[in-house]
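One chain follows as structure tokens, the form predicted on its own.
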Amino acid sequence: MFRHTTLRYATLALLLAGALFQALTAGYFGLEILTEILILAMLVLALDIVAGFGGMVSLCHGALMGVGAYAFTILSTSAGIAPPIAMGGAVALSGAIAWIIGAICSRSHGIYFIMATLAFGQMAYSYVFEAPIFGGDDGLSGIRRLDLSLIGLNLNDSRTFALFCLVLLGAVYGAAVLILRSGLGRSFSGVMHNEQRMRALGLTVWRVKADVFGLSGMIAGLAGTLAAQHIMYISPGLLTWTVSGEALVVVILGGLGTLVGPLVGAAAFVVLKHEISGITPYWHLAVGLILIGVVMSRSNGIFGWIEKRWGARLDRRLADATRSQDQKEVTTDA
């Protein structure tokens, strides 16, 4: 079962403090980078739930994110539905499609599961690219952000929108923790470790996989609605397999199956991309070399390396401090 350690709480606090500092002090460009990090962090959280805790390595989460973006855009522009309702509808549609994909692919494993999800993602990309309603290669524009003027918020302001995305990311992280700690999440983890045993215990394995994949798809869809509102323009490129591949790279870079690690990976990836691209157009090469170094270190990403090196030390110091305090209380009582 997923649990937080002292180091994980400390890392979350540090990430939150850094995001708030950036949101309150940065200029326009810094706010755009922060918003990009927050939306990517939401997508990789969705991927980490299924890949890190269920072994379902998906290459269609970019497409699910694109479904959320396109559904929100069509509902809020062409259909004239209010953006909050359109946002909810887009998230629900992404979750429903993800549930169907999870149910169909539930009996496949390893490379076969990866290729099946890749096929679904490519089918979605091809359909969006060819269908006139989605604007083809030209994409869609004229996207409106949520109107929260009733509570005094103007999401057309970059700072306010970044803080809005930060609040939603916090809510998504909390929801992910609840999912993993629930009976469904524990069953999902059990399926990853020993599927045959869980099936022998009477668990409907395909349903568990589909349910968690559907919830993960809802989070990816939410990230898509925010991506559409952020740029106010979407194109079929949002559904390509490279978006899913990039998300998988971020999860591995940060730390698979930790929830905290993907957040670290998202921040590191976006910052590296923008800093290195200012020096050379071959920034992918630098990120690739870093990823190879992380993998070859046999640590579970950046956060996994930190956790392995410092986590045990922090927990040991905390245990020693607790033991010392208990001994003092026993001496005082005596």
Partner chain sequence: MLKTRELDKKFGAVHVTRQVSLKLERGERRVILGPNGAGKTTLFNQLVGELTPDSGSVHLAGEDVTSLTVAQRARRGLSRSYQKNTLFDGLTVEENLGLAAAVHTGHATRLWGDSLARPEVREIVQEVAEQVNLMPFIHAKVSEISYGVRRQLEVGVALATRPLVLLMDEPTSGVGPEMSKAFHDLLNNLPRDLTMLIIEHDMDLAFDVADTITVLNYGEVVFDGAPNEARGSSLLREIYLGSWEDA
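Residue numbers count along the first chain shown, from 1. Here the structure is a predicted model, which is why all the values come from computation and not from measurement.
Omitted from view is the form predicted together with the partner chain, to which the following refers.
The stretch in contact with the partner chain in the model of the complex, judged by heavy atoms within 4.5 Å, is 180-188, chosen from 153-161, 180-188, 229-237, 92-100.
Put simply, P132 is far from the partner chain in the model of the complex: not one heavy atom of it is within 4.5 Å. The shortest heavy atom separation between A82 and the partner chain in the model of the complex exceeds 4.5 Å. By the criterion of a heavy atom within 4.5 Å, V208 is counted among the residues contacting the partner chain in the model of the complex. Under a 4.5 angstroms non-hydrogen atom cutoff, the partner chain in the model of the complex lacks S141 among its neighbouring residues. N194 is the sole member of T242, S149, S78, N194 with a non-hydrogen atom lying within 4.5 angstroms of the partner chain in the model of the complex. In the model of the complex, every residue of the candidate spot (R3, R199 and G202) has a heavy atom lying within 4.5 Å of the partner chain. Along 11-49, no residue reaches a heavy atom to within 4.5 Å of the partner chain in the model of the complex.
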